[in-house]
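Here's a solo chain for you in structure tokens, the form predicted alone.
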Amino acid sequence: MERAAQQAVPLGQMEVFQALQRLHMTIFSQSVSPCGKFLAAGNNYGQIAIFSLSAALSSEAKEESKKPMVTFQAHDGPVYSMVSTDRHLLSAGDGEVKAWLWAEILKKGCKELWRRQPPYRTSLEVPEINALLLVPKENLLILAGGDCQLHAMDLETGTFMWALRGHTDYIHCLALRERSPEVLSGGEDGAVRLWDLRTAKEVQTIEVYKHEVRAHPTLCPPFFLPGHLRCLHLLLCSPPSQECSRPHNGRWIGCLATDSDWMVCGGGPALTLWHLRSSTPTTVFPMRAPQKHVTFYQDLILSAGQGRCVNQWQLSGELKAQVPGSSPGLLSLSLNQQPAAPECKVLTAAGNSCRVDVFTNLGYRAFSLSF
């Protein structure tokens, strides 16, 4: 549709048309190349743009270095999610996942390698695929989205092996707990579900909106007080418990991440740190705006969502910093930690604009890439 519309626009109006496209652009997804020197970004028009991080970060970089080296039409609808293997860029849109060879993309030969569609219940069903997750040890790709299921695809054969059912509404996000191995999924139904890949069964369900973080007393009651006064002292001097639920925002889980026995998740409910083995919330982060992406980074948690800022949190719940970007809302964060390109080790953030913000350290935005 977008390509047809572009062809119908007279040449004198093309610049206006393209400016309006950029004005209404949303970047849903990002993925770093296996070599670490390139970044793919997917937008709401079904386009994927490839940026050269090495060129943009060079001391000789010009404005042209911050524009795509190639842009191609990948899907008819939005590119909701992307991941990279050691050879391929995988992109997901409405009802299908496609593969592209990174080697060919970098030669500007953007020819689709293959496409796959999960076995949906009816042939008329075309739900969006909101999340892709690689499981390298098993050579699996996990897909999830609008049909409320997790589909596992064997990357070697391209066949779908099984589907996991349990969510009662859209699935928004996935995360891998590598040591187990377990996959976590969060959805519109307000639940985070843990799935054992060895048995293809659900092993744990956390309904986030039903929990609260119980506060501990900040002051110990004086030992000389009688028992009933000690209880009263504890009641008056203890901080209130913090509920994960925020009914005005809804129950939906929009982001989650794991680090061994710990999970952080948020969305409608408050951004919260959980101990997985005990299914216990330990920290509620004081952020009013719903968060759309979260990740562990060293001893910090990074989150983004409604608003311009990338938020840096201590595990204790203290807000360490808020670093503003150029987009009014953020939907994805990408940490480039490929060992092959240490000079391109950056954080990139994208969302409700045509720009991808680049942070060379966590303290400030260095510059922006632009579609």
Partner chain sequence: MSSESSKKRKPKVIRSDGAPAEGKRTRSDTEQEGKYYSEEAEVDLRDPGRDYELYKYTCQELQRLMAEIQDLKSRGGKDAAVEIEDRRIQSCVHFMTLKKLNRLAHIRLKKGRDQTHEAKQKVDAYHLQLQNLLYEVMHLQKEITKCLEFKSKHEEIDLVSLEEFYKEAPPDISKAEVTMGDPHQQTLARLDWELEQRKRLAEKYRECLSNKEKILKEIEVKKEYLSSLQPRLNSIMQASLPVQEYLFMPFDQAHKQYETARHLPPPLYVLFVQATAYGQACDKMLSVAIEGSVDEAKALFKPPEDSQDDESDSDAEEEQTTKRRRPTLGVQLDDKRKEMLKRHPLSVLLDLKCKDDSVLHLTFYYLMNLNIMTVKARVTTATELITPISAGDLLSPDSVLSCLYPGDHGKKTPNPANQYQFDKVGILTLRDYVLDLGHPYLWVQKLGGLHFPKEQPQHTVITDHSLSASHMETTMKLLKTRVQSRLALHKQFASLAKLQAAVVLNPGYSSIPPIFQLCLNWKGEKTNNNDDNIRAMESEVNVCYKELCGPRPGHQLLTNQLQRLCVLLDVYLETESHDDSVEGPKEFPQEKMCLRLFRGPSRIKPFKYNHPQGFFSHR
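All of these numbers come straight from a predicted model, not from anything done at the bench. Numbering follows the first chain given and starts at 1.
Beyond the structure shown, there is the form predicted in complex with its partner chain, which is absent from this document and is the topic of what follows.
Between the options 138, 94, 178, 196, the residue in contact with its partner chain in the model of the complex by a heavy atom within 4.5 angstroms is 94. Interface residue among 259, 182, 243, 128 relative to its partner chain in the model of the complex, by the heavy atom within 4.5 Å criterion: 128. In short, of 67-75, 249-257, 279-287, 157-165 it is 249-257 that has heavy atoms within 4.5 Å of its partner chain in the model of the complex. Contact here is defined as any heavy atom lying within 4.5 Å of its partner chain in the model of the complex, and by that definition each of 23, 45 and 80 is a contact residue. Residue contact with its partner chain in the model of the complex: residue 306 places a heavy atom within 4.5 Å of it. Using a 4.5 Å cutoff between non-hydrogen atoms, residue 88 does not count as a contact of its partner chain in the model of the complex. When its partner chain is considered in the model of the complex, residue 353 lines it closely, a heavy atom lying within 4.5 Å.
Its partner chain is not drawn, but in the model of the complex it has no heavy atom within 4.5 Å of residue 102. Residues of 101-118 are not found to place any heavy atom within 4.5 Å of its partner chain in the model of the complex.
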